[in-house]
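For reference, the chain that follows is the form predicted on its own, supplied as structure tokens.
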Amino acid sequence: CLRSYPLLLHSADYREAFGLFDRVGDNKVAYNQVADIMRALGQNPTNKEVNRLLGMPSADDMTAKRVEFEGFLPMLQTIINSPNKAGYDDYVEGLRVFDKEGNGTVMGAELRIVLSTLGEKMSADEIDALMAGQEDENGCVNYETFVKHIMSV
């Protein structure tokens, strides 16, 4: 019960944020907006996690089906209570594997490949936006600075 206390404490804020995504005025949002709402509320679920919570809907269902706030709240609770949240140290450790020189940097080109091919794949435009201003004159990225940057976005 204590774990749900923060959810109840912020329920009015959550409802307000949810309402901002209601484009029809029926107090519901499309399935394809659920992840965006969670991110707007400070969570960082993967699309895979959200799809699982929504029952693995088809692409058509993602745009056609809608969920009301009372159905959204338990999904948000699941994401908030998820024990699989990676932190700063986890990301830095993951990128350290690519630090061949041991100097705190990774090749920007290699990082782009990783972001576009592993895990939840990012598009070239998403990668460009994320990496803007991160590469030095040699095409290297300081991965500790990079992780701080992506965690603040």
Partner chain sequence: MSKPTGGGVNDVTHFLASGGAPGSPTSNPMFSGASQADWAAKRLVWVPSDKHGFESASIREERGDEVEVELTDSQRKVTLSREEVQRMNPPHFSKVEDMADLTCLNEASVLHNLRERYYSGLIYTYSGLFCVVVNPYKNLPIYTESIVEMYRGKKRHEMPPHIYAISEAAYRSMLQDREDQAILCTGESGAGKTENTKKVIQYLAHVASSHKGGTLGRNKEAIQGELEKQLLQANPILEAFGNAKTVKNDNSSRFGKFIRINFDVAGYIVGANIETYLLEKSRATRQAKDERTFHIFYQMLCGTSDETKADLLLGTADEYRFLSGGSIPVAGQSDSENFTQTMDSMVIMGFTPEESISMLKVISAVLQFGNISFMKEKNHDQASMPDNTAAQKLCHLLGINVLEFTRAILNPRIKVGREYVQKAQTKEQADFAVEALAKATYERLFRWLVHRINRALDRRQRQGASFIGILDIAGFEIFQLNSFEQLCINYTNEKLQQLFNHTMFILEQEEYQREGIEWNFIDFGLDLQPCIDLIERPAHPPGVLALLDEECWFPRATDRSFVEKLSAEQGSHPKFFKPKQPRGEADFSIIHYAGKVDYKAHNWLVKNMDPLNDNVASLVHQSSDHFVSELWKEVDRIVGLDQVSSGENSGPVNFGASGLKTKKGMFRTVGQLYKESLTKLMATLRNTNPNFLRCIIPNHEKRAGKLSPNLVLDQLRCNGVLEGIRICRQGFPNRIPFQEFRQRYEILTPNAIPRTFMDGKQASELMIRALELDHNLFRVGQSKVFFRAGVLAHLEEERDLKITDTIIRFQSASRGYLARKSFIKKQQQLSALRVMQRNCSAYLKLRNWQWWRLFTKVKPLLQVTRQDEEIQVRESELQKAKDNLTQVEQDYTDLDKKHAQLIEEKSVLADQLQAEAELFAEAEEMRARLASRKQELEEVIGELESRLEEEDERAVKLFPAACYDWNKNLHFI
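So that the term is clear: the rigid core is the largest set of C-alpha atoms that superpose within 1.5 Å between two forms. All figures in this text were calculated on a predicted structure; none of them were measured in a lab. Numbering follows the first chain given and starts at 1.
One more form of this protein, predicted in complex with its partner chain, exists but is not displayed; see below.
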{"item": "Contact flag, V97 vs its partner chain in the model of the complex, heavy atom cut 4.5 Å", "value": "yes"}
{"item": "Close approach of E110 to its partner chain in the model of the complex, 4.5 Å, heavy atom", "value": "yes"}
{"item": "Partner contact for K65 in the model of the complex: its partner chain, 4.5 angstroms, heavy atom", "value": "no"}
{"item": "Partner proximity in the model of the complex: G119 to its partner chain, non-hydrogen atom cutoff 4.5 Å", "value": "yes"}
{"item": "Sequence-ordered residues of 40 to 62 touching its partner chain in the model of the complex, heavy atom within 4.5 Å", "value": "A40, G42, Q43, N44, P45, T46, N47, E49"}
{"item": "Rigid core superposed: G139 CA moves 2 Å or more between the shown form and the other one", "value": "no"}
{"item": "Core fit, then L111 C-alpha moves 2 Å or more between the shown form and the other one", "value": "no"}
{"item": "Threshold 2 Å Cα movement between the shown form and the other one for L130, core superposed", "value": "no"}
